[in-house]
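Taking the form predicted alone, here's one chain by itself in C-alpha cells.
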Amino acid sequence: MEKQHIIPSYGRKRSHGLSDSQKNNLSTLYKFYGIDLPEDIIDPRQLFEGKFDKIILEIGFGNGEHLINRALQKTSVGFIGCDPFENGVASILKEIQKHDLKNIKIFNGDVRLLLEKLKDHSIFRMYTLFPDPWGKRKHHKRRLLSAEFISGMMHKIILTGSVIIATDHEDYMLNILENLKDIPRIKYCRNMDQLSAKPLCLSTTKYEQKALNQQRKCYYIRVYV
C-alpha cells in the first residue's frame, strides 16, 4: 500500500471521560488482545502465532457487537478489529476477555497506519460497516472510502477475497460506486436490487438496526479481487 497523506476521518477519540474500569481495560487487556504498530511489514497471521489460515479485518467496529458475534461463530478464523475510538475499544476488550476469545486482535488507531504494515494479499475479507458518511459537502474530504483508500484495501486482499461495505447513506453509496470505477482489476455490482441484499456473512449492528427502525434503506457493496 503506497504511503499516503492521511486526512483524519474521525472526530473525537472518546465520547466522554473514560470510567476507571474502561481505563483498566485499555491499560491491562490491551496488552493481551491489542496490536502495537509493527516496525516492519508482517503477515497478519503472525499476530495470532500462525494459528489461523484466514484473516478477516473489520474497520470501525463501534462497540464491537458484530466483531464479537463473527468471532464466536467462526472460531477457525482470525479477526482483526481497527478503531480509534477508545470507548469502543475498552468495551470490546472486556467482551473478548468475557468470552475467552483467542481469535480476535484489536488495533486502537487509524486503520491506514496498520494497513501500511500488512503484507499485500494477506487478508481474506475486510468489512467497513456504516462508516461516518460526513454528510455535509465541505466534509466529504474526510470520508474514509476514497478511491485511493479502497485501492489500498484491495492490495491487501487475497485472490478471490472481498471487501464488504455497508451504508444507509445513499449519497455516500453513490460516491463509493463512483470511486470504484477508477480501480483496475476488481469486480463489483451496481444493481440496486443486489445492493439492497444483505450478505449472509454479516451480523446485525446497532447502526444497521437504527437505520431499519427509522425506515432508511441500507446498501451493501461487495468488491472482489
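Residues carry their position along the shown sequence, with the first being 1. Keep in mind the model is a prediction, meaning the values are calculated, not measured.
What follows is about the form predicted together with a small molecule, which we do not show.
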Against the small molecule in the predicted complex, would residue 144 count as a contact residue? Criterion: heavy atoms within 4.5 Å.
yes
Consider residue 124 of the chain shown here, and say whether it contacts the small molecule in the predicted complex, taking contact as heavy atoms within 4.5 Å.
no
Taking heavy atoms and a 4.5 Å cut-off, does residue 111 contact the small molecule in the predicted complex?
yes
In the predicted complex, is there a heavy atom of the small molecule that lies within 4.5 Å of any heavy atom of residue 152, even though the partner is absent here?
no
May I ask you to choose, among 95, 116, 132, 148, the residue with a heavy atom within 4.5 Å of the small molecule in the predicted complex?
132
Single option in 176, 59, 55, 68 placed near the small molecule in the predicted complex, where near means a heavy atom within 4.5 Å
59
